[in-house]
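A lone chain, given as structure tokens: the form predicted alone.
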């Protein structure tokens, strides 16, 4: 690991230095840029981003920026902090509208040197790490998911700690397993996920909190429920049926769901999700009683969602063809999130419930003509 290589190099230099006038090894280690801070306990420490001044706008890097959330978050942050202060990155070629909307850069999270150069050259102070393979895709390619979701995270953690960044890494309902309490699921409980995606998210939560307590890294994490947005296509997640139904309803009036009609899962409209991410990043460190929070907005089943859509589009035909892999994943996930800590600590409050979600999605996708015909 880069941190170990750095410490080894310092140790070697100290051992080879002349005996006279040389500093103790512990002093040499404290002089390198990545420095484990000496703290008596987590509650006594004051953690912050050493590069970030409250009077300046942060300089933000978003990895995996072409996924479901990256483009939307960049738009929100650029409106708040300025267009040039938010850099989107990915390994894919961006569409022209994204490329021209603000700074974009190629970044491979598995390339430690490349990632480190981007942070240094652009004087990054906030890092939002969205790069990950989702649940169903990860199960189809475990080796790749392990590399991207775990090895990539290690690179991110080392660079964030070395350069004093404020780091956000999302977690998910997938971080829980069949032995977790499901209705509701509290912030702290048994977590034994059975997907590589879930395992990697638990790993991210624990590693981030370890770096926070051990090295003073300003790590912040939200467990997202299923996220629903109209301006991106489903990306291989178990909750993606709740996005696909709107596209299919508008396109042809038919939808085939791959989960059972009574499968209840926590969900959230993307605007709430992005706002929550900004709010927890801006929250004063002293207001955070923990570093990983549940956030929630609503909880519904495919049948309940379909019924709400059919209030606007009565001709929508819904059938069910159960995907055994996705159903097994969903059955191991929470039915509802307990997010009282987020609401109490930093004032989290959602705006969208199910009726508002459905109306917003149908309006955004452009279903006015089908609604008019139905009426």
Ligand SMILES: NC(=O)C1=CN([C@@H]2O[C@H](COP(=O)(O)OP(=O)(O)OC[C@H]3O[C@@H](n4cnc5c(N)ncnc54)[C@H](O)[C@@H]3O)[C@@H](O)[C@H]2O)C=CC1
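None of these values were measured; they are calculated from a predicted model. Positions refer to the first chain, counted from 1.
Just so it is clear, the following notes concern the form predicted in complex with the named molecule, a form of the same protein that is not shown.
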Next item on the list: Determine whether any heavy atom of residue 92 comes within 4.5 Å of a heavy atom of the named molecule in the predicted bound form, and answer yes or no.
Entry: yes
Next item on the list: Answer for residue 108 alone: is it within 4.5 Å of the named molecule in the predicted bound form, judged on heavy atom distances?
Entry: yes
Check: Quick one: does residue 132 come within 4.5 Å of the named molecule in the predicted bound form, counting heavy atoms only?
Finding: yes
Notebook entry, point to check: Quick one: is residue 313 in contact with the named molecule in the predicted bound form, heavy atoms, 4.5 Å cut-off?
Noted result: no
Note to self: Can you work out which of 87, 250, 148, 161 has a heavy atom no more than 4.5 Å from the named molecule in the predicted bound form?
What the structure shows: 148
Item checked: the named molecule: the contacting residue among 300, 224, 269, 215 in the predicted bound form [heavy atom, 4.5 Å] -> 224
Notebook entry, point to check: Quick one: which of 68-76, 176-184, 290-298, 96-104 gets within 4.5 Å of the named molecule in the predicted bound form, going by heavy atoms?
Noted result: 68-76
Notebook entry, point to check: Even though the chain is shown alone, can you say which residues of 165-182 have a heavy atom within 4.5 Å of the named molecule in the predicted bound form?
Noted result: 170, 171, 172
